Each structure stands twice: as structure tokens, then as C-alpha cells.
Ligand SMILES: Nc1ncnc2c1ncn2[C@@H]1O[C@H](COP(=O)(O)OP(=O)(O)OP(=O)(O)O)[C@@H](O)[C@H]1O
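This document starts with one chain, in the form predicted on its own, laid out as C-alpha cells.
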Amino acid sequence: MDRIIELKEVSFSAQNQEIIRSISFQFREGTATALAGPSGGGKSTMLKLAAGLLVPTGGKVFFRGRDIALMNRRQNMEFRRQSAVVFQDSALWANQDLYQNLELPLRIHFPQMTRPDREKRMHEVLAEAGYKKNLLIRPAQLSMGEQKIIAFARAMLCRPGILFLDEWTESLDDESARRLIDLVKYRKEQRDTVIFVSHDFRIIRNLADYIVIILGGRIALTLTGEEIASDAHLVRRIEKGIAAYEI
């Protein structure tokens, strides 16, 4: 399997604090990789660096062998079209209604698409995600769980091949969480690349081909799904490591 996203000696600092410390890792195309570890360890920052949303203060991030920081506008737009991010806080536009939030990615990446075609695609992803309510309301009128569903649907609109998911099932009821997990499993079966952050070890065991444990801004341990499935002692150790700064 070819590498699709690669971090080489990547560091990231903010407000005079080093959050990521010289991380190197290759994400393989068509696989699912879980970034796990205790809160504050740097896993969400690593996800955003891999997605090209943060500029590293040291090292480089590559997409299919090309330095993301050196991409021209056309190359960067193509990378954005092929990838999608679901943020932990949903990151919906507060001053836009749900329809406008959903329509925007299609307007940007498929400017020739007609409005009926945009609406058809929007309703397809909303049906898959399980949202059936009014679209002419602002995000603030939804629960956090409903906002997550809209954010997930928005991420799926352009049929991305790389999914960056940050705690995408948090705040959801069990039925909605299962639905979104099943959709991600289906995308994985279609050979999409999935990179996700989760503190729920059940989701990690269910989805991940690779598990990267991040402690104190460094990669403490990298495992395969097969290693996790075959070693109950290791499972208990990893579960403990997700909750506390030790492995």
C-alpha cells in the first residue's frame, strides 16, 4: 500500500508551548488509522497537521509525495476536494443556515453543478446521515449531536477519498453514532483512507487498521489492528493509556 499522507520530523508550537515534538509517520492509502491517547497529548493537533490545516513549525507534511506547504493554488484545491474534515466542535458557519453550510463545498469545488444537482446531492448525504429536519435554520438551533450530523454530511458531499475525523461521534445518541460509524466503515471498505481521533476504544477496535498512541506530543506506540485483536492484555494496556499519561 502506498503512503498517502506523510509527516517527516513534524513539530508544532503555539503560545510558546511545544504541542507536537518531531513526529514522523506514514498514513497508508486505503487504511484506517486511529490517533489515540489522553486529552492534551496532541492527537487533534497531529490530525490537523496531517490535514494541512496547521502549518508545522518544524518538519514537513506530504500528500502523495508533494509538500503541502509548497502546493500551488490548483494543487491545494485538489487536495481539499479529495479530503474532508469533521471537527470536534463541528465548525459550522454560525451566521449561515444549514442549507448554506451544506451548499458551500459544492459551490467551491463543483462551480458548474446546477442548483437542482446540488440539492439532490445534499439530500442524498443527509438521508445517509439520518437528518430529516428543516435546513433553513442556523446551527445554534440544533443540539450538539445534530450539529455533528450536519458536519459529517457536509464532509461527505464531495465524495472525498481521505476522511479526517476528530471525535466525530461525540455528543451523538447511540443510534446516530452507529449510523455514522457504519458509514465510515463503508467508506473504508471502498478503500478510502480514514484518519481519526477517538477516546472510545470500542470504535478504535472496530475500525482501525493501525493505532497510534500519542503521549506528550510524541508517538509512544504504534500497533496494528491484528495485534490489538489477538492480545487481551495489550487491549487493557491501551485502554489505560488512552485515559492516563502512561503506556
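All residue numbers are counted from 1 along the displayed sequence. Just so it is clear, the model here is predicted, and its values are computed rather than measured.
The same protein has a further form, the form predicted in complex with the named molecule, not shown here; the description that follows concerns it.
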item: Heavy atom within 4.5 Å of the named molecule in the predicted complex - the one residue of S44, T57, N206, Q26 that qualifies; value: S44
item: Distance check, P38 to the named molecule in the predicted complex, heavy atom within 4.5 Å; value: yes
item: Touches the named molecule in the predicted complex: V10 (any heavy atom, 4.5 Å); value: no
item: Contact label in the predicted complex: I19 to the named molecule, heavy atom within 4.5 Å; value: yes
item: H199 within 4.5 Å of the named molecule in the predicted complex, heavy atoms; value: yes
item: The named molecule in the predicted complex: contacting segment from 63 to 71, 182 to 190, 44 to 52, 218 to 226, heavy atom within 4.5 Å; value: 44 to 52
